[in-house]
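Quick heads-up: it's one chain on its own, the form predicted on its own, in structure tokens.
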């Protein structure tokens, strides 16, 4: 979905979002309150410039608008694969973005992520997955790594990974599988303008992803491992 169409559905009361070099920023009216909007578009590759732009926008909100909610719109192909970015330390820039979002959360800004098109690898991990809760549209694409690339890295045949993906959401792309794993809170469909204020009202700093993954059958050991670490006991694989 194009971000203009998405914004029209999310913010019928109006917005000031602008686009510059695949970077989105601005504000919008949601249920009578102002919400900061930060994000990416056009399947943006996350290089040092756009990572810094997002981080700067987050810090601007924290500094100038205490406790203003933040909506992160996600459409990214992941980390930009260029020698220049690697030499400049793109991992540090992306980590800085994640830390800025965490600072916002600790400063009592409610932070919501929304995958409206594509969300891949590090570009998603340091943005939408750093939010208090992340949501997705039904037609969105979410994956850590394509199965072809995963086969090259793991040396497991792609046909075998494709077979595993039928029953194991960890291997399979798509919002439904990330919903099963607890990676996203819910899939938004229908009236987006109603669902956003509801999500902001429910947002909190408690990370329930492992718990949701267990309840939904997508991650069967993560929550048990968390509980074992807290209690000091051992966990056996099912």
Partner chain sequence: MSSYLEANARERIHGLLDDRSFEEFLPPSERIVSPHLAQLDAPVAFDDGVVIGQGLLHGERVFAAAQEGGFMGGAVGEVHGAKLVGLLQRAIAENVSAVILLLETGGVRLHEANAGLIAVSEVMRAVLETRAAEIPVIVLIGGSNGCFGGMGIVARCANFIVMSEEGRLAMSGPEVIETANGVEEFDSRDRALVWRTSGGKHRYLLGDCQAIVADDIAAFRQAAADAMHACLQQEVALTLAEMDAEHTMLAARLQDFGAQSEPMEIWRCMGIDNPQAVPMLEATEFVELARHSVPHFAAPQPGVR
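Throughout, rigid core stands for the largest set of C-alpha atoms superposing within 1.5 Å between the two forms. Positions refer to the first chain, counted from 1. What you are looking at is a predicted structure, and each value in this text was computed from that prediction instead of being measured.
Not on display, but discussed next: the form predicted in complex with its partner chain.
Engineer: Only one of 193, 203, 186, 59 comes within 4.5 Å of its partner chain in the predicted bound form by heavy atoms, so just point that one out.
Structural biologist: Contact check passes for 59.
Engineer: Any chance all of 4, 13 and 166 sit within 4.5 Å of its partner chain in the predicted bound form, going by non-hydrogen atoms?
Structural biologist: No residue of the spot touches its partner chain in the predicted bound form.
Engineer: Look up in the predicted bound form whether residue 219 has a non-hydrogen atom within 4.5 angstroms of its partner chain, and give yes or no.
Structural biologist: Heavy-atom contact with its partner chain at 4.5 Å: present for residue 219.
Engineer: With the cut-off set at 4.5 Å between non-hydrogen atoms, does residue 198 touch its partner chain in the predicted bound form?
Structural biologist: Output for residue 198 is no: heavy atoms all beyond 4.5 Å of its partner chain.
Engineer: My question is simply whether residue 92 lines the interface with its partner chain in the predicted bound form - judged by any non-hydrogen atom within 4.5 Å.
Structural biologist: Residue 92: yes, in contact with its partner chain in the predicted bound form.
Engineer: Residue-level contact is defined here as any heavy atom of the residue lying within 4.5 Å of its partner chain in the predicted bound form; does residue 30 satisfy this criterion?
Structural biologist: No, residue 30 is distant from the partner.
Engineer: For the interface check, one of 22 to 30, 51 to 59, 65 to 73, 37 to 45 should have non-hydrogen atoms within 4.5 Å of its partner chain in the predicted bound form; which one?
Structural biologist: So the stretch in question is 51 to 59.
Engineer: Check each residue of 81 to 102 against its partner chain in the predicted bound form and list those with a heavy atom within 4.5 Å, in sequence order.
Structural biologist: Going through 81 to 102 in order - heavy atoms within 4.5 Å of its partner chain in the predicted bound form - the hits are 81, 82, 83, 84, 86, 87, 88, 89, 90, 91, 92, 93, 94, 95, 96, 98, 99, 100, 102.
Engineer: Spell out whether the Cα of residue 73 moves at least 2 Å between the shown form and the other one when the two forms are superposed on their rigid core.
Structural biologist: False for residue 73: its C-alpha shift is below 2 Å.
Engineer: Taking the rigid core as the superposition reference, indicate whether the CA of residue 147 shifts 2 angstroms or more between the shown form and the other one.
Structural biologist: Indeed, residue 147 is displaced by 2 Å or more.
Engineer: Regarding residue 141 and residue 167, go with closer or farther for their CA spacing in the predicted bound form versus this form, the difference being 3 Å or more.
Structural biologist: Note: Cα gap between residue 141 and residue 167 shrinks in the predicted bound form.
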